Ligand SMILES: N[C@@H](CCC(=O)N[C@@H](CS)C(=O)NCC(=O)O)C(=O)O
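Just one chain follows, in the form predicted on its own, and it is written as structure tokens.
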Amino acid sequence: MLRIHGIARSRAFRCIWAAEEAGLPYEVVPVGFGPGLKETIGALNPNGKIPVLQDGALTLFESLAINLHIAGKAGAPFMPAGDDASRMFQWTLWAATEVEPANVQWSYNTYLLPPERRHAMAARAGAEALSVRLGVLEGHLASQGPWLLGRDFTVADCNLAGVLYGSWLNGFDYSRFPKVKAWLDACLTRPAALAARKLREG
């Protein structure tokens, strides 16, 4: 039994979605934000953040690393092999290093922070940086599609769409990126994604 420490309204959403896609039994151990988080979770994650996965004797932090572990337990097609495994790592790391920082900058200054703490200039800069990355993704999907690696939905799709989920849900303008929008719609309306979204949005 996988134990996912966190709440669905956090990056734990990505891990819940991955567990649903993998068809593996899991439980969510509710650990939320706020005072005392670091003390509550610090024994499992010295960074004092959620999510954390426990799988038997293994403890993991970092949501995308957790997802790679979950996919490895599930096997193909969710976890690809050979050259496709290398491409999966490429897109997962791209999600973390290229997409997420820009996405977070836009998100915090658009809907996450209280209005009085938001900065319009930072929101615009985040949107511009994110748009550059979405242009790369648009070109890739136009030539590769329908999924990141081609024919099969894999953990690469789950990881990148999980990073982009907040902007997709909260009004980022995807009209200039129709291939990305169609791909995100397809990812985030899969039955496993809907099950995770029900926990987060419900």
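When you see a residue number, it is the position in the sequence shown, counting from 1. Predicted model, so just to flag it, every value in this text is computed and none were measured.
Unshown form predicted together with the ligand; subsequent notes refer to it.
Residues 174, 179 and 190 all lining the ligand in the predicted bound form, heavy atom within 4.5 Å: Result no, not one residue of the spot touches the ligand.
37, 169, 136, 142 - the one with a heavy atom within 4.5 Å of the ligand in the predicted bound form: Selected option: 37.
Residue contact check: residue 152 to the ligand in the predicted bound form, 4.5 Å heavy atom: Judged by the heavy-atom cut-off of 4.5 Å, residue 152 is well away from the ligand in the predicted bound form.
Heavy atom of residue 67 within 4.5 Å of the ligand in the predicted bound form: Although the ligand is absent here, residue 67 would stay clear of it in the predicted bound form, with no heavy atoms inside 4.5 Å.
The ligand contact in the predicted bound form: residue 62, any heavy atom under 4.5 Å: Flag for residue 62 set to yes.
Residue 160 within 4.5 Å of the ligand in the predicted bound form, heavy atoms: Although the ligand is absent here, residue 160 would stay clear of it in the predicted bound form, with no heavy atoms inside 4.5 Å.
Those residues of 1-39 which, in the predicted bound form, come within 4.5 Å of the ligand by heavy atom: Residues within 4.5 Å: 10, 11, 14, 33, 37, 38.
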